[in-house]
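Here you get one chain, nothing else, as structure tokens; it is the form predicted on its own.
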């Protein structure tokens, strides 16, 4: 917390404070809705610019001009949401100034029993994971920055929700034509996703994908969380998980078998946020093993200009 906060000891202990406004929205992620309360109109418009048709309006926002800011405009009730976040004001003096030159954005996460505390650039958040209620405190007043701040809170909450409810996993990965390519930063996710687009194949994301069990099969569900690709380039249609494929850049295209243990290790390493919580280690490894056992597994060496899809489809 010291990296981002002037006085870490003053990190909020309760979900309370002065909200920015009175408007509320929900955002659809991996089949669930996440509600955000205490918004000003400009914050609603900021979220709508990012989440578009994934966003629904609650109460006043559904009746005001903000409902035309890019969202669906559907009016929903609070009972539809699996998690609720309130947005509060925080003085700029609470946050350290960060020199972002050459800096890769990261968050400080603290898992404590059944709660999660988050600190980031101009951001504090606390979530009770039992009730899935939380607060976001920020001084950000720039619409172009605000939606990203909220997204930095939604991502770890989504990861915990998928793991804790027993039917999913959030994975750093590219997903194309039913193949999941888990990888850490710089491992080739965006490259393999771009190759899939060039081959005319549907791509769900080149950064984060939700793997969710639907009845007797695992599905990859589209998320708005992308890396180098733009969301408009991606498919919005869920895909059946066909295989888990580890990737490495090479001078030749080659495919070899991947042991189940290696696939479990890969999925665990590539499950962000929850893999930082020691209390969730057993559940995470168990979920990764369940997914790895359900589909074929392979290790793919690929060239930058090659066509890997024929050998993948033969596997």
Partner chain sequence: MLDPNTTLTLDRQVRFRRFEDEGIVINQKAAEAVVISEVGTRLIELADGTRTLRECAALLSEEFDAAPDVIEQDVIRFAEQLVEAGIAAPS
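Numbering follows the first chain given and starts at 1. Just so you know, these numbers come straight off a predicted model, no measurement behind them.
Absent from the display: the form predicted in complex with the partner chain. The rest refers to it.
- Mapping the unseen interface onto this chain, residue 269 counts among the residues with a heavy atom inside 4.5 Å of the partner chain in the predicted bound form.
- Within 4.5 Å of any heavy atom of the partner chain in the predicted bound form lies no heavy atom of residue 46.
- Within 4.5 Å of any heavy atom of the partner chain in the predicted bound form lies no heavy atom of residue 56.
- Remark: residue 247 does not count among the residues lining the partner chain in the predicted bound form, judged by a heavy atom distance of 4.5 Å or less.
- Picking from 22 to 30, 35 to 43, 48 to 56, 259 to 267 the stretch near the partner chain in the predicted bound form, with a 4.5 Å limit on heavy atoms, gives 259 to 267.
- Residues 275, 276, 278, 281, 282 are the ones in 270 to 284 with at least one heavy atom within 4.5 Å of the partner chain in the predicted bound form, listed in sequence order.
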